[in-house]
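Below sits a lone chain in structure tokens, taken as the form predicted on its own.
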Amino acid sequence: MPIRYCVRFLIAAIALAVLPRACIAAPHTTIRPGAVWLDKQGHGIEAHGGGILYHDHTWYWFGTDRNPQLDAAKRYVRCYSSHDLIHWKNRGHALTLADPEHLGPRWVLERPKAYYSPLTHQFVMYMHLDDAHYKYAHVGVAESNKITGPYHFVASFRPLGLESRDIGQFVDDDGQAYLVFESRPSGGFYVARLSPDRLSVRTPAVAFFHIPLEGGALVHYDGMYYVMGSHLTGWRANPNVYAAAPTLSGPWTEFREVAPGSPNTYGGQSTFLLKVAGTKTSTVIFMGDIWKPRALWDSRYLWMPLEIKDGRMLLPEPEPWTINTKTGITTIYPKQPRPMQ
């Protein structure tokens, strides 16, 4: 090797050795909030308003496909699978639906969430089903014997007999599954237990929150439950808030902003709280959408590990980061190098 190349190599090695970890540039195997996220085939991921189902040592990401080149009369839910939460394989459309309740040409299918039923060994998908004026306010339910689909529409209904728009999902550590749904006439949102086959909602509600929030999400972490949502401002981002309690029935704390340093939660809206239980630690990931209402297909994803302790939750400023899904350990790579200490 020529001497000049040896010198360059030696200088680079010394620089890496003396720089603090936080100053090293982010590797390519990172999650980059707000950037275009490509699947393994090199296409932008279309999984908006989605959720994650962990099954058989694999994560499955379900969300609406907003590609404007698709048949405008139908609605589509796409599925992706991953073993590391960074690289995603496109598994195709898990659900393709053509206005099952005759709601009109601008009918709505949003926020799909998939569950597994250990009782029936079936996979069940919930979704917000509505007309163009958001007056129908039902959940739709579809079922499949394969996690990747195709899912077949079963029915639509109003959970607990109440209007339901934005929905969220939660599966507790004991395997019990729940539906989170917003009901505006009640002036708040609910957490309701699902039946063992996941096809219906049990009464009464487990929890009701007297605050109108959409984008509902829920997680159980270190002995506490945390519920999160965003205010009703349509596509415009706002300060997402959370509350905490030792049990689902409460008592719940007052709602606080999850990103007090940002007036609009860094442009994102909550859709799911994903807990990764590793061998060394557990990490909770904030999953949000950065909506582009004039180009919904290009809406981006805001995923960041949350800082949680003693009933407090903080969403840090979005920066490139990575996670070891075996250990649960995350590493954040600041976009701007921080001064050496």
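Since the structure is predicted, the reported quantities are computational estimates derived from the model, not experimental observations. All residue numbers refer to positions in the sequence shown, first residue = 1.
There is another form of this protein, the form predicted in complex with a small molecule, and it is not shown here; the text below is about that form.
Although the partner is absent here, Asn240 sits far enough away that none of its heavy atoms falls within 4.5 Å of the small molecule in the predicted complex. Proximity of Gln269 to the small molecule in the predicted complex falls within the 4.5 Å heavy atom cutoff.
Contact check for Lys113: every heavy atom lies farther than 4.5 Å from the small molecule in the predicted complex. Using a 4.5 angstroms limit between non-hydrogen atoms, Pro246 is distant from the small molecule in the predicted complex. This chain appears without its partner; in the predicted complex, the one residue of Pro150, Gly234, Pro204, Pro251 with a heavy atom within 4.5 Å of the small molecule is Gly234. Here the chain stands alone, but in the predicted complex its contact with the small molecule, taken as any heavy atom within 4.5 Å, falls in 104 to 112 among 187 to 195, 71 to 79, 104 to 112, 219 to 227.
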